[in-house]
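Okay, so here's just one chain, in structure tokens, the form predicted on its own.
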């Protein structure tokens, strides 16, 4: 997860998709929380919790085992997409869903960026 900014910011196409996005969102990998700030499609920061009162627009919460399956180079069916995880109730999406849904392909790309060799 610590390599997320580097992986996303190096992908010009993904940054272009998110060029209108300025938000913060939370990703929970099991017990570990990460606060991710996005500015004009670039990941400005990835901060590892714990947090006292973090400010975020939406949160993606799943167990470490589910994220590890999602981040495999070729994830198995049911773990290959954020909505597949939601459908299996393995991923919870909470908060203001508007930025997430309005920029769904961008956020799918951000979370899938860790499949290419990032340190989770």
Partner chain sequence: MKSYFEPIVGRYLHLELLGKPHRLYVEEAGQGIPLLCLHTAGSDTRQYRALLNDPEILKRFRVIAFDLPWHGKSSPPAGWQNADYRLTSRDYTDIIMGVVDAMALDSPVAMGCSIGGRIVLQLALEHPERFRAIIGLQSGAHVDPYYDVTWLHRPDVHGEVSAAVVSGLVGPLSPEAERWETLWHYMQGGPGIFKGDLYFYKQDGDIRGRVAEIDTSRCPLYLLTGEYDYSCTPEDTMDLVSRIKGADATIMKGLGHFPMSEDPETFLRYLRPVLDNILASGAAGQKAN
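Quick caveat: nothing in here was measured; it's all calculated off a predicted structure. Residue numbers count along the first chain shown, from 1.
Below, we turn to the form predicted together with the partner chain, even though it does not appear here.
From the list 36-44, 73-81, 23-31, 58-66, the contact stretch for the partner chain in the model of the complex under a 4.5 Å heavy atom rule is 73-81.
Among residues of the shown chain, residue 48 is not one whose heavy atoms approach the partner chain to within 4.5 Å in the model of the complex.
Contact annotation: residue 10 falls outside 4.5 Å of the partner chain in the model of the complex, judged by heavy atom distances. Taking the partner from elsewhere, residue 87 is found to have a heavy atom lying within 4.5 Å of the partner chain in the model of the complex.
Interface residues of 82-105, taken as those with a heavy atom within 4.5 Å of the partner chain in the model of the complex (partner not displayed): 83, 84, 86, 87, 89, 97, 98, 101, 102, 104, 105, in sequence order.
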